[in-house]
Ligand SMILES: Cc1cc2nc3c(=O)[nH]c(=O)nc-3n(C[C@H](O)[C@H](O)[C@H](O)COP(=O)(O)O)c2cc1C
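Presented as structure tokens, the chain that follows is alone, the form predicted alone.
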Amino acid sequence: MEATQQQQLAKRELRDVLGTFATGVTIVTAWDEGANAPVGVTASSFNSVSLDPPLVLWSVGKQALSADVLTTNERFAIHVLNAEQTDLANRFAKSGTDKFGPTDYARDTNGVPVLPDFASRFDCQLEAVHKGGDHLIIVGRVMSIERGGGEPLVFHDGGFATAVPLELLAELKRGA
């Protein structure tokens, strides 16, 4: 087997194994001043960093069309999606499409496009950007938060799911 074939196999295997770790699904939005338009991307790399100061992180591929805007804009919003938003997650995951098309959004007091529906939202100020292989790691200082509603959307083993509390799952098994 060629070295490049081995590398591709290793990347695919790594991706598959990483997929066994369930993650939440988010959409990160910002305003592109140059294009005078909203930008957004689906990201499952969201994580908390610190409570004091309040910091979160997420990452974007270096090759993403919106990477420059998302890594240089001083303000952005992270929307944790609910289980009814799989279509939205898929639309914002596609490169080169009109992601906001039929989606209602408003601009907050900082000019950041915010979606009307979410499980939760973190309004952030850019704290730092770090290189991380083929991705850029964005650290944001949380300036405000808002809870929406619904069951959170989860990504696991290459597909969408929901997080069912173990107590409910045990109850469902007893009833079956």
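No experiment lies behind these values; they were computed from the predicted model shown. Numbers for residues come from their place in the sequence shown, where the first is 1.
If you look for the form predicted in complex with the named molecule, you will not find it shown, but the lines that follow are about it.
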(request) From the candidate stretches 143-151, 36-44, 104-112, 118-126, select the single one in contact with the named molecule in the model of the complex, where contact means a heavy atom within 4.5 Å. (result) 36-44
(message) Please tell me whether any heavy atom belonging to residue 95 falls inside 4.5 Å of a heavy atom of the named molecule, as the geometry stands in the model of the complex.
(response) yes
(message) Can you tell me whether residue 61 touches the named molecule? I mean in the model of the complex, with a 4.5 angstroms heavy atom cut-off.
(response) yes
(request) Verify the contact flag for residue 51: yes if a non-hydrogen atom of it lies within 4.5 Å of a non-hydrogen atom of the named molecule in the model of the complex, no if not. (result) no
(message) At 4.5 Å, heavy atom to heavy atom, what parts of 127-162 sit next to the named molecule in the model of the complex? List them in sequence order, or say none.
(response) 135, 155, 160
